[in-house]
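What follows is one chain in structure tokens, specifically the form predicted on its own.
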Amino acid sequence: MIAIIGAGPIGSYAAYLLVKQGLKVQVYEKNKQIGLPVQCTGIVSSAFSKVISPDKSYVINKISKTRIYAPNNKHVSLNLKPNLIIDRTKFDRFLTKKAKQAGAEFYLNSKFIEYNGKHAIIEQNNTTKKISPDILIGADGPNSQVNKTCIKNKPMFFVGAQARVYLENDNAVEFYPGVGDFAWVVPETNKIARIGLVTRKNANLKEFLSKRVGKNYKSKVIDYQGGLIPLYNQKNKTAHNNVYLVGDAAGMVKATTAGGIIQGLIGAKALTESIIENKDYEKLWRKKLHKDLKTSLIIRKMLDQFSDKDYNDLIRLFNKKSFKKVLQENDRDNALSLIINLGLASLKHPSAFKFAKFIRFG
């Protein structure tokens, strides 16, 4: 029996894939409902469709344009390959339903406590339950209890905060790389948007809301969301004996945008392949994801050093035709290809080489 801790999209998708291979799978979720609380912006790039077929039940918007703002309020406007805005609660429940229909068993209000290599302790509806899985999978998010008790990585985090607000908009995503680590405005409809930021610094969501929505923003807030987001660390282990980590629990998250849905789904596929075909999980998922996650981390370390002036100069550069072409043609989930092509575009613009001094590979 395989026990998966966490019934988010990655845990449920892993359960679905494993059950389809004829394995017995039990999924334990500490919350009382699937998909709540929401701790995700819910925007995915065009690469999402290459991993899993989108379903209209959870796709609530499609966006094909973005604006990236500098601190001086100048911006670059870009056309995108269609990005999907998903309802995370519906997406989570969609994948849970698929896994259940395939034969996976789900147990809600069931908190994982510990595992000694043979027996796992679960607190289920105020009682203690002992299970004996052959394989234990931690898909229990950035603050993974499976990691804490079995793998013992020491993760670093962004803090994410978001509000859903009533806001008239033109269906363009807005990014603000100079606010916190970065901030965003993501439309759900032409009258509702998700506005948020992630930070390891001193940044205030209310201040950003006041600036973007207006001083009366409180009257326009529908609800608030937030949570921890792991920062990718290539040195962290994701497997030990018969215990595996996947998704946010494994730190499979882009350091540039804090997105991890696509990476987690790819990780779940790699984990299934490693179990079914007895392959090395660490090597398999890193072959699929490490280059882009590492490149994303290099970019993040570079941006961490930027002043407001540097961001102003970067956005001015991005408005050049050759740079706009690269940004519009390269998916942000393929960070290595993006950075290589930006580097090639820089050959035509000597002023771009000022940014080379910020690159740190360690």
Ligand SMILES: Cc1cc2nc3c(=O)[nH]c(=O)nc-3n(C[C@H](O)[C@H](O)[C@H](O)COP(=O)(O)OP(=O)(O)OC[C@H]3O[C@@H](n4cnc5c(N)ncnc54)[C@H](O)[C@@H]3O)c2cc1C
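Given the structure is predicted, the values throughout are model-derived calculations rather than measurements. Just count from 1 along the sequence shown to find any residue number.
The form predicted together with the named molecule exists for this protein as well; it is not shown, and the discussion that follows is about that form.
- Residues of just one listed stretch (205-213, 287-295, 166-174, 111-119) have heavy atoms within 4.5 Å of the named molecule in the predicted bound form: 111-119.
- Candidate site formed by L18, G103 and P133: none of these residues places a non-hydrogen atom within 4.5 angstroms of the named molecule in the predicted bound form.
- Contact annotation for I43: at least one heavy atom lies within 4.5 Å of the named molecule in the predicted bound form.
- Among heavy atoms of G178, none comes within 4.5 Å of the named molecule in the predicted bound form.
- Among residues of the shown chain, G247 is one whose heavy atoms approach the named molecule to within 4.5 Å in the predicted bound form.
- Interface residue remark: N312 is not counted as part of the site for the named molecule in the predicted bound form, having no heavy atom within 4.5 Å.
- Think of it this way: in the predicted bound form, the named molecule has a heavy atom of just one of K324, R67, R300, K30 within 4.5 Å, and the residue is K30.
- Of the listed positions (V185, A99, A258, A270), a single one reaches within 4.5 angstroms of the named molecule by any non-hydrogen atom in the predicted bound form, namely A258.
- Contacts with the named molecule in the predicted bound form, taken as any heavy atom within 4.5 Å, map within 1-26 to I5, G6, A7, G8, P9, I10, G11.
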